[in-house]
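Shown below, as structure tokens, is a lone chain in the form predicted alone; questions about how it binds or moves come after it.
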Amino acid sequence: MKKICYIVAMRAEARPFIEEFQLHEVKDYFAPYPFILYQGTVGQMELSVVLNGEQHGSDLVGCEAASITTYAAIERLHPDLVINSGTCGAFKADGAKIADIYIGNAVMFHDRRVPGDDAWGTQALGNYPLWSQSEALAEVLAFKIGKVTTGSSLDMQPIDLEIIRSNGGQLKDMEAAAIAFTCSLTHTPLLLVKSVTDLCDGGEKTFEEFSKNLSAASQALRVANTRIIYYLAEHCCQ
């Protein structure tokens, strides 16, 4: 394993560990698309961080941007492992706290409701494979583990909550399953690293809580990803 590629939606989520590893921006690498590439090396490992970029003055978030960014990154960079690092919602009832770090042990969509037989429903939920060493890495580095569910909206409707909880979901985001879908098509291993910005059952308004905790959650991602990168460089990049 020589090439690691992070896919990150927001600059705020990525900036702390881009600075930590002094990665440099490769200008216009994906032009004319808005995706932004930062690169550097850690030991013998090539480290890339690809951001979705911006449109209308804001970071591109959500499934569509995540899918196309991941596809372009895999096609151009040929990574051995894709890592989706980002923030998420979680549940106080599960013991989650703000800025907790989780490694995903499963991933699915929670807002693709397709009627019909089981084949359609199975495709809609996704339940895509993740890197086989995800849980082992979480155990070694003492991170929490949880199932990530993905939807296209920051808020959560009652039917979303029903699907999340009935399928064992613990973390709610807007990109992971879309990235996992793309990785499944190319048979590229995927690791999910999530930091909690908001508690879905905490009683606060989602956007206000997310905004208040984004900086702390992003700093927690910096610490977590630093440990992960050094672990991979030492144990998986020989």
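Quick note: we count residues from 1 along the sequence shown, nothing fancier. The model shown is predicted, which means the values in this text are computed figures rather than measured ones.
Another form exists, predicted together with a small molecule; not displayed. Remarks below refer to it.
Student: Note which of 67, 206, 188, 39 lies within 4.5 Å of the small molecule in the model of the complex, where distance is taken over heavy atoms; exactly one does.
Tutor: Going through each option in turn, the one that passes is 206.
Student: Report the stretch among 122-130, 101-109, 68-76, 84-92 that approaches the small molecule in the model of the complex to within 4.5 Å, counting heavy atoms only.
Tutor: Stretch 84-92 is the one.
Student: Hey, in the model of the complex, does residue 178 get a heavy atom within 4.5 angstroms of the small molecule?
Tutor: Residue 178: no contact with the small molecule in the model of the complex.
Student: Do residue 45 and the small molecule come within 4.5 Å of each other in the model of the complex, heavy atoms counted?
Tutor: No, residue 45 sits far enough from the small molecule in the model of the complex that none of its heavy atoms falls within 4.5 Å.
Student: Should residue 50 be classed as touching the small molecule in the model of the complex when contacts are defined as heavy atoms within 4.5 Å?
Tutor: Heavy-atom contact with the small molecule at 4.5 Å: absent for residue 50.
Student: Should residue 29 be classed as touching the small molecule in the model of the complex when contacts are defined as heavy atoms within 4.5 Å?
Tutor: Judged by the heavy-atom cut-off of 4.5 Å, residue 29 is well away from the small molecule in the model of the complex.
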